[in-house]
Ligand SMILES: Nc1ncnc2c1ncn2[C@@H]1O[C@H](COP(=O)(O)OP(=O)(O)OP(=O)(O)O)[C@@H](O)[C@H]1O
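Take a look at this single chain, the form predicted on its own, given in structure tokens.
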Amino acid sequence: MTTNFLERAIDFVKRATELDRAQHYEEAFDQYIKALDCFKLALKYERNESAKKTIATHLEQYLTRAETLKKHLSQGERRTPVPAGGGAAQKTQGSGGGGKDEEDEEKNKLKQALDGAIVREKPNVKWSDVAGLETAKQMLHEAVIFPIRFPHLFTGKRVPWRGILLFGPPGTGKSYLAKAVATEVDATFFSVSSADLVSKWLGQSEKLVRSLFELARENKPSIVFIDEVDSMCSARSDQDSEASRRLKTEFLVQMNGVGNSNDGVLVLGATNIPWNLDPAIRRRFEKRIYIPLPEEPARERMFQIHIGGTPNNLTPDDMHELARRTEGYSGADISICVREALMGPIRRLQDATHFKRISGPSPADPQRVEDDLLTPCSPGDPEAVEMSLMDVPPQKLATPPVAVHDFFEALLHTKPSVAPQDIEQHLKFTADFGQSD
């Protein structure tokens, strides 16, 4: 629907421009109005944010020209030349060297549309926050950190990797690794999804891809991270639309660095379904690293990371047991399990009918110890006072620690999200094309 409105708008604009140049301003004004109506409808139904910005820009340009013509016509002048104003007026009146200015203006707009893809604030995820995945970390060090810090090591035939594909089941830490790269590396980091590059406006998608790589080259050293890369680089087929084929072709050309050097630019892709990638795209990713489900030591480390500084009474043996019981869980599954367990003490507070006074760190200042804090207890406790949670003054409520039974309870409600057949597919792809972590 959006494409039809855009096509009609472009047809009206072409006729309006021709009439404008011929100084048939009244007819041109009518065509501009029809074009504006179509642009408004296209803007209403468009879902892609980059395309919406471009449509809005065109809408503003042609609206400016239409208003100029309306003012001119209201003064009773039909054939007197209308001076060029801005935006669309320059396009209708421009000649000679105007084409270059328009081209530069379009490039700037495309780059502005991609400006949101640049990660300006570090995500604050360090390498130490990523449990396991040692091979992936090593490859990213070789491709990103060492060339920037020790450029003299990469001379002659020794060149860093230009394309790395991280693949594996959902929730294993592929995007988390990318955040660690963004935090640890002093380089321009572009985080891109298919929504940033795919547009229903014919010809717009490949221009956005080209502009993305131009921006990356201008701001090198740079890293282009494309999450769910399979969504826009799936295998080519006869059922592909013209726009999809052109997008994939442009992506291949830019990754290959045809006509431009990609020195200092790393393309980092992540996908859960690598077998759907086009073979030519797959080849462009020189290193294809399998990110598997975490092993037991990594799972234990994940529990420690996700619990953090939350008050708890877990012992090292408890941690070992939790890691043992979570065979087949992904990093995301463990994160959800921990979040569920951390709510256990809150639920106990909600269900409590009796509280007693204890000594403990003050909720307002953990460095200060108070003797009259309240904590849940059984009705039979000699010091029990009958009251509900809402009766407890907030500044007097002791923070109950998380216990191991909270985690055992959480495991009853949190199941692995990755099926065994998914693992088999990834192992087969790794055997054929990849590299195990």
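On a predicted model such as this, the values are computed, not experimentally measured, just so you know. Don't overthink the numbering: it's just position in the shown sequence, from 1.
Just so it is clear, the following notes concern the form predicted together with this ligand, a form of the same protein that is not shown.
- The single contact residue among Leu133, Ile226, Ile223, Leu165, judged by any heavy atom lying within 4.5 Å of this ligand in the model of the complex, is Leu133.
- Comment: this ligand is not present in this chain, but in the model of the complex one of Ser191, Thr188, Asn272, Asn312 has a heavy atom within 4.5 Å of it, namely Asn272.
- Contact annotation: this ligand lies within 4.5 Å of heavy atoms from the stretch 324-332 in the model of the complex, the single such stretch among 353-361, 324-332, 281-289, 206-214.
- When contacts are judged by a 4.5 Å heavy atom cut-off, Asp129 counts as touching this ligand in the model of the complex.
- Residue contact check for Met302: one or more of its heavy atoms lie within 4.5 Å of this ligand in the model of the complex.
- Among heavy atoms of Gln254, none comes within 4.5 Å of this ligand in the model of the complex.
- Mapping the unseen interface onto this chain, Pro123 falls outside it, with no heavy atom inside 4.5 Å of this ligand in the model of the complex.
- Contact annotation for 163-190: residues with any non-hydrogen atom within 4.5 angstroms of this ligand in the model of the complex are Pro169, Pro170, Gly171, Thr172, Gly173, Lys174, Ser175, Tyr176, listed in sequence order.
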